[in-house]
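A single chain, nothing else alongside it, follows as C-alpha cells in the form predicted alone.
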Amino acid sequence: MVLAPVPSATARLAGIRRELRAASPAERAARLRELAHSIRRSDLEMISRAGQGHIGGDYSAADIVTVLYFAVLDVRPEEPEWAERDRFVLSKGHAAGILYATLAHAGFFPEAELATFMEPLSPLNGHPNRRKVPGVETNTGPLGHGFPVAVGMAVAAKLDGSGRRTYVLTGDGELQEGSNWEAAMSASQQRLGRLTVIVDRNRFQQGAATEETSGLDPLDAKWASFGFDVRSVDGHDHEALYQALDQDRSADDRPLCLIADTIKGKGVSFIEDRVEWHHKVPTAEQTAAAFEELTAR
C-alpha cells in the first residue's frame, strides 16, 4: 500500500507559508506553536494507540520539523517527486512518528491514516519508507546513514545547477557514528552552501546522557573544524528557528550546521528531560494528562 496526497494540499500549504511570511514575528511564532502542538497531539495519539514509538525524541524535534514544513521548505504535497523541491532527510529515523504527523498535517497523505501507525503492513512503520510514504526522501533508521545521503542530494543539486536546498536533522547521540564525520568532510570539500544540518541537541540517547556515553562537547568547535558555518539556536523558539533555517546562503558556500538546543519530550512536563522516555509508551492516564497539557498551551 502506498499513501496518496490530499487534494488541494499544495495550495493550502502555500497559503499558510504566505500568511507566515507576511505575519509579524510574534504572530508567526504563535501560529507555528499552535501547529507544533497539534502535531504533538497527533503523535501522542499514534504512539499511545500503537504501544510503540519514541515520544521523547519526537517531541524534541517537533518544533524544528514544524517550522521546516510550514514555513521554510519549498515542497508540493500533491507532487512529492517535483524535481525542484527542497529536500528534508530525517537522519534520526526512529523519530518517524513526528515526521508522519507533520507530513499528514501538511497534506502529503490524509491525517486519518495516522491511525494505522505500526499496524501490520501499514506504510507507517517504525522507520520512514520512501517507497510507501509521500514526502519521505530516503529510508532511515540505522543511525549515521541519513546525513551521508543528504550530502549526496546536495551534491546532485549543485551538479544540476539547481537552487534547491537540502536539510537534514540528526540526533546528537547519532553523531557518535563515524559515517557522519566522513559526510561532513565531503560536504565541506564540495562547498555545499545550500546544505543545512540541524543537530537535535537534547543531550540524551537510549539509556543515558550523551556526555556519559561518548562526550560530544565542544560540539560547535568540532563542526567548525570540519569547515562548517556553525550557529546555535533555541530548538523550541519558532521565530528563531524560522530566521535560522530560511536565511539567504548565496554569499557563503560553506555548509551550515545549526546546533538546536532542545529538551527531550518538550511540551509535556512529566516527559521533559527524562532519559526513560526515549523509548517509553504513556499509559492511558498519562496520555490523557499529556493531551491536556498540549491543549492548554
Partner chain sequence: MSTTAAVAAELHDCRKAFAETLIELAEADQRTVAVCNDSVGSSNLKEFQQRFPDRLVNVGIAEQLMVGAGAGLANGGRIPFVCAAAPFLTGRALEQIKADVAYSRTNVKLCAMSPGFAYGQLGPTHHGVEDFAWLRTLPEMVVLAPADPAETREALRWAHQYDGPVYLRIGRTKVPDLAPHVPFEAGRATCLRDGRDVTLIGVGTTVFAALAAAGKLAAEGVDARVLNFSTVKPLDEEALLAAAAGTGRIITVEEANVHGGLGSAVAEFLAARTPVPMKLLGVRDEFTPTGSPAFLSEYFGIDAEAVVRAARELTGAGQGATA
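Because the structure is predicted, anything quoted here is derived from the model rather than measured. Numbering follows the first chain given and starts at 1.
The following text describes the form predicted in complex with its partner chain, which does not appear among the structures shown.
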Self-check item: Partner-contacting position among V149, A209, M118, L216 - heavy atom within 4.5 Å of its partner chain in the model of the complex
Solution: V149
Quiz prompt | in the model of the complex, the one of R87, R194, H94, R201 near its partner chain [non-hydrogen atom within 4.5 angstroms] | solution = R87
Quiz item: Using a 4.5 Å heavy atom cut-off, which stretch among 201-209, 140-148, 216-224, 106-114 contacts its partner chain in the model of the complex?
Solution: 140-148
Quiz item: According to a 4.5 angstroms non-hydrogen atom cut-off, is R164 in contact with its partner chain in the model of the complex?
Solution: yes
Exercise. Spell out, yes or no, whether the shortest heavy atom distance between A183 and its partner chain in the model of the complex is within 4.5 Å.
Key: yes
Quiz item: Contact between Q176 and its partner chain in the model of the complex at 4.5 Å, heavy atoms?
Solution: no
Quiz item: Looking at the partner-bound form in the model of the complex, is L124 within 4.5 Å of its partner chain by any heavy atom?
Solution: no
Quiz item: Which residues in 258-288 have a heavy atom within 4.5 Å of its partner chain in the model of the complex?
Solution: none
